[in-house]
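The chain below stands alone and is given as structure tokens, in the form predicted on its own.
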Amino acid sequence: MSGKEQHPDLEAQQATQEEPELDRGIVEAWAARMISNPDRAYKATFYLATIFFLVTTLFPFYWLFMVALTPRGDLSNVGVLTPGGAINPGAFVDIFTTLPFHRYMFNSFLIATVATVIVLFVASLAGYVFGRLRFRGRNALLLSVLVTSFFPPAAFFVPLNRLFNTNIGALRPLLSAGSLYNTPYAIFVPLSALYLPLSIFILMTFYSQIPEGLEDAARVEGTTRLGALFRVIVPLSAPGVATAGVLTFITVYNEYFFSSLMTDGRPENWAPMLEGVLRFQGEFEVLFNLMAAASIVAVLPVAILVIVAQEKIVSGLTAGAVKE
């Protein structure tokens, strides 16, 4: 090898050292560093998304907690990060002594539970039909079911209100008033029908992915189609069932429109949880600390449900996102 010849790696290194630095702006320089170090870009994006989530989602609950801990006379001095005076956790007890707030919560919880059970049962049957059977008019029928979810709930209130306020003689042995007004039936029946199409679509997607051989094997053992649905298909579609159930429960639990209009606002007549929160707003005074405490207590059942079922919900929402 002659003295003038150099190794290719040495030539590339010299060319790199002699290359002049580009005059980049702040944004261009930041983008170049992120491209050269992708791990750093991923971490920066993660921290940015976390901070955004904390500020927009969790901070309002923290501020509600600060308002709940502030005595009524110091509410004008409540701060963003600290309460407006001496810490007073008595508001979390006063919401149950001032009003029967536990009854309002029980009403919403029971109505949401019944509506969720009804929706999951009917949606399982409909999802099986649309997802695993082929028949004439299937797409048109499915489209007609999904179109129902496009209408706002207010569009159905007038006919439903007339129907539920009508005295029906056949109901007198069961209901003293002879109508469905001020009964839980007037709440969970329309809510179940309104939120049924979404559950049908979710379960149809999951049921259609179950191999037909598993259902055929169950039917060979002597089970019926209905038995194969609830013994084989539903357990294998647990993420989808959990997702549909949790979404239905949360929506019905937080619903206020139908619940407030189908009752007179009293807890013994199945008034919802949000009606109880608004009851702390009087004619001459608004008990903001009690409203904040009631809002925090009311959201606890939903928070516990989401924490318990979070793995099923995540897997159910992301199913089918990656094609294998």
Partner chain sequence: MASVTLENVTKEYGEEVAVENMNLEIQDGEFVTFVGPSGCGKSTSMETIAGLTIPTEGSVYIGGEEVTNLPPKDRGISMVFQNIALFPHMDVYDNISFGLRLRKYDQAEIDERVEKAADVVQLGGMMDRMPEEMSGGQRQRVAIARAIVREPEVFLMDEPLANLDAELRVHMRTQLQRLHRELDTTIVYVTHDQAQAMTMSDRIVVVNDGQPMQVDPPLTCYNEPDNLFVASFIGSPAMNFAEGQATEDGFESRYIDIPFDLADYGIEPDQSLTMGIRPEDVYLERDTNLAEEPSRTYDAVVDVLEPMGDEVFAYLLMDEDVEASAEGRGEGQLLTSLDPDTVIAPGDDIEIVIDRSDVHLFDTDTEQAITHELRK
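Numbering follows the first chain given and starts at 1. No experiment lies behind these values; they were computed from the predicted model shown.
What follows is about the form predicted in complex with the partner chain, which we do not show.
For the partner chain, considered in the predicted complex: do all three of Ala217, Glu221 and Pro235 come within 4.5 Å of it, counting heavy atoms only? Judged in the predicted complex, Ala217, Glu221 and Pro235 all sit within 4.5 Å of the partner chain.
Would you point out which of 248-256, 153-161, 235-243, 201-209 contains residues with a non-hydrogen atom within 4.5 Å of the partner chain in the predicted complex? Going by heavy atoms within 4.5 Å, the stretch is 235-243.
Could you check which residue among Gly213, Gly137, Gly73, Pro89 gets a heavy atom within 4.5 Å of the partner chain in the predicted complex? When the partner chain is considered in the predicted complex, the option within 4.5 Å is Gly213.
Answer for Arg132 alone: is it within 4.5 Å of the partner chain in the predicted complex, judged on heavy atom distances? Arg132 lies outside the contact set for the partner chain.
Classify Arg231 as contacting or not contacting the partner chain in the predicted complex by the rule of any non-hydrogen atom within 4.5 angstroms, answering yes or no. Heavy-atom contact with the partner chain at 4.5 Å: present for Arg231.
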